[in-house]
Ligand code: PMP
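Shown next as structure tokens: one chain only, the form predicted on its own.
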């Protein structure tokens, strides 16, 4: 009898690709770098890390031998207070990525169509491939703003629309008028607010608590400095949240992530102050790089900036910066061939980043 063949038995038409970050330790070894001198600004992570209260909570310990609360009661209550909604409108996930996947598992299947903007966060297309869902990508305009009319036309008849606000990697916002026009098509609109704490725009979370066609995703990876602990949450109308709670994986929030999230929310004032520092640094770094003349920063409402390069290309500039111990993000997409994305470091780190770009620019101009 023939043995089970894992490839031949695979139900997926093709395994999706996700353009993940290169491993930092491997890069450090490849370039012979001093780990203490590396500046990692390729992942939109928070350079300040977790808040003091969060670090103390993690040091004091938690019951790793016990399962966490499957109903997420304390966590949902604290998250709800933070975004000013009722706890029954909140569902926590192992990163917002888990909740993106849950949207697909619950509402999308073979032959359904979703709408994205392009370029955008890669996780939506990744999950679409896993679930056999067709993707219609609406290109952003030349200035990376949303093409409102094209998006609304595409949304009509689509099962769902996924839009980050601010968008990754461009940093632009979904305006209220466009949000309303998309909702009026009758589609499910998922707004990913991973970077909302770094913008000057209000969150759509409170609206999502009363709007059946709207789900807002949030995360503690960026604002809370907890990317490595994987903790995110969704805000949605109570009936939808109840369905999510019933369909999610049991015990999906690990004990360390839960204690860290609760402490972070208690330390919100510290995290807000850090976020404002990052915003000021975003504007300072953008202005400094623009003065180099070969770099044109795209206006951003996030903790990162997309840079258009007049010299070289994203990959070559990325490699030149890596050799100097600065890790940035380049893209394989043809549209982003001449772009590089940097997230904000500490003020001291950003001074080094600005100086390194100046050095690389001189090399490219005379090389």
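These numbers come from a predicted model, not from an experiment. Positions refer to the first chain, counted from 1.
In what follows, reference is made to the form predicted in complex with the named molecule, a form of this protein that is not presented.
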Worksheet item: Within a 4.5 Å heavy atom cut-off, is residue 240 in contact with the named molecule in the predicted bound form?
Response: no
Worksheet item: Heavy atoms within 4.5 Å of the named molecule in the predicted bound form: does residue 124 have any?
Response: yes
Worksheet item: residue 225 near the named molecule in the predicted bound form, any heavy atom under 4.5 Å?
Response: no
Fill in: residue 230: touches the named molecule in the predicted bound form, heavy atom cutoff 4.5 angstroms
yes
Fill in: the named molecule: the contacting residue among 88, 97, 211, 112 in the predicted bound form [heavy atom, 4.5 Å]
97
Response to the item:
Interface check vs the named molecule in the predicted bound form: of 221, 187, 264, 102, the one with a heavy atom inside 4.5 Å is 221
Worksheet item: Where, among 240-248, 279-287, 173-181, 89-97, do residues come within 4.5 Å of the named molecule in the predicted bound form by heavy atom distance?
Response: 89-97
Discussion item. For a quick check, can you give me the residues of 180-202 that have a heavy atom within 4.5 Å of the named molecule in the predicted bound form?
Written reply: 192, 194, 195
